[in-house]
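Only one chain is shown below, in structure tokens, and it's the form predicted on its own.
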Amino acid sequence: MKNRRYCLAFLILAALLLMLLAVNVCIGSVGIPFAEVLRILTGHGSDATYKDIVMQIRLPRALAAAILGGALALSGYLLQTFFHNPIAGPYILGISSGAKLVVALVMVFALGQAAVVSSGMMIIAAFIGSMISMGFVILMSRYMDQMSRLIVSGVMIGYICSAITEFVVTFAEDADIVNLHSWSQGSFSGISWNNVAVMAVVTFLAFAAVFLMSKPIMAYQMGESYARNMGLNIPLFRVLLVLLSSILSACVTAFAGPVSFVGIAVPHLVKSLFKSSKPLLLIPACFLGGASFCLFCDLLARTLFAPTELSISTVTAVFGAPVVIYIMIRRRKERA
């Protein structure tokens, strides 16, 4: 019975992902029939305008939204495992904001020097920023016995990093500052095929590493004493969780800027769908769920008030924030 439920849940997530990929490629300021999209993908498309729109704009953007959405949900799942709390996430704890700050500094410096910032350099910069913020959060967790205080501290770190970023972006002098400001608000626009290739390699390598850690994660979720008795090296395991979570969130921030609430909401929704906490199921499910969630939100961001485009964080917050509120209310009822 359980296996049937798991298969059905995976089929739902996979079908939803494929449907949203198709809809994101077809729908926009210029509507493109699905049959024409299939002809373009198979190399038989005859309309040059449609081909340029699909292959140079919409398809790279849709793939980026799927890959980065999955990475963000997986990053949130790892942080929730690390802190044993469902409200922990890269955006709430200020990790995404730290990554955004360092990437913005690197981009502004490169613009000032008329230099080109490679995808790898942006990921490295975002990773450094993520690790700095994560270091502060872990340091504070040693002095704060309540998770609520740690969350508030993470939010404050995020505000500080965002304020410095906005200051840097405001006073940077370059014609490309409009693109930098758009990125700092969160957006999947302007993604190239080279960007997609880099983010795919980084994300799927990190995903493979996380999937191989399924058994240690399950042992850790059952308590540190149990995990230690099972032979798990707790300090090394925690370091791996932090590194992998930071790499995933850094990849998202490097290409799309900060994206809010996906890392918190999606793991919770996936757990509710599967009625299970097994990492072997939740790790791929979180990735599929995060990919579908970001594709849906990006579709709304592009089309809801077209031709004006909303920042992706604005849309993800509308759907993700109520989930976080529900989690907090339910946890309070469980403690009462």
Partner chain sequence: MKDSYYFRTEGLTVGYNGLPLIRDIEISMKRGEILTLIGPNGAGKTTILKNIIRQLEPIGGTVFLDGRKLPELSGHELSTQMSVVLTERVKPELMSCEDVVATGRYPYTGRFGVLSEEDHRIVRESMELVHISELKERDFSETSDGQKQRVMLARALCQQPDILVLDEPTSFLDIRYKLEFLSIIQEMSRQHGLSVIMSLHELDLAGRISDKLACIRGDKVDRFGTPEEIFTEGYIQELYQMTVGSYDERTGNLELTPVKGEPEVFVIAGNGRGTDVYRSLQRRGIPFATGILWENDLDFPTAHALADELISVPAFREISAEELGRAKELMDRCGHVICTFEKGAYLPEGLQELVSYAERKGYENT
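Numbering follows the first chain given and starts at 1. Because the structure is predicted, anything quoted here is derived from the model rather than measured.
Quick note: we don't show the form predicted in complex with the partner chain, though the next part is all about it.
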For this session: Answer with yes or no whether E224 is in contact with the partner chain in the predicted bound form, where contact means some heavy atom within 4.5 Å.
Result: yes
Exercise. Using 4.5 Å between non-hydrogen atoms, is N195 touching the partner chain in the predicted bound form?
Worked result: no
Exercise. Can you check whether P235 is within 4.5 Å of the partner chain in the predicted bound form, heavy atom basis?
Worked result: no
Exercise. Applying a 4.5 Å heavy atom distance criterion, does K51 contact the partner chain in the predicted bound form?
Worked result: no
For this session: Would you mind picking the one in I27, L38, A306, L280 that has a heavy atom within 4.5 Å of the partner chain in the predicted bound form?
Result: L280
Seminar exercise, completed: Among F211, Y159, F204, F109, just one has a heavy atom within 4.5 Å of the partner chain in the predicted bound form, namely F211
Problem set entry | Candidate stretches 214 to 222, 162 to 170, 248 to 256, 120 to 128 - the one whose heavy atoms come within 4.5 Å of the partner chain in the predicted bound form | 214 to 222
For this session: Scan 2 to 41 and note down the residues that get a heavy atom within 4.5 Å of the partner chain in the predicted bound form; none is a fine answer too.
Result: K2
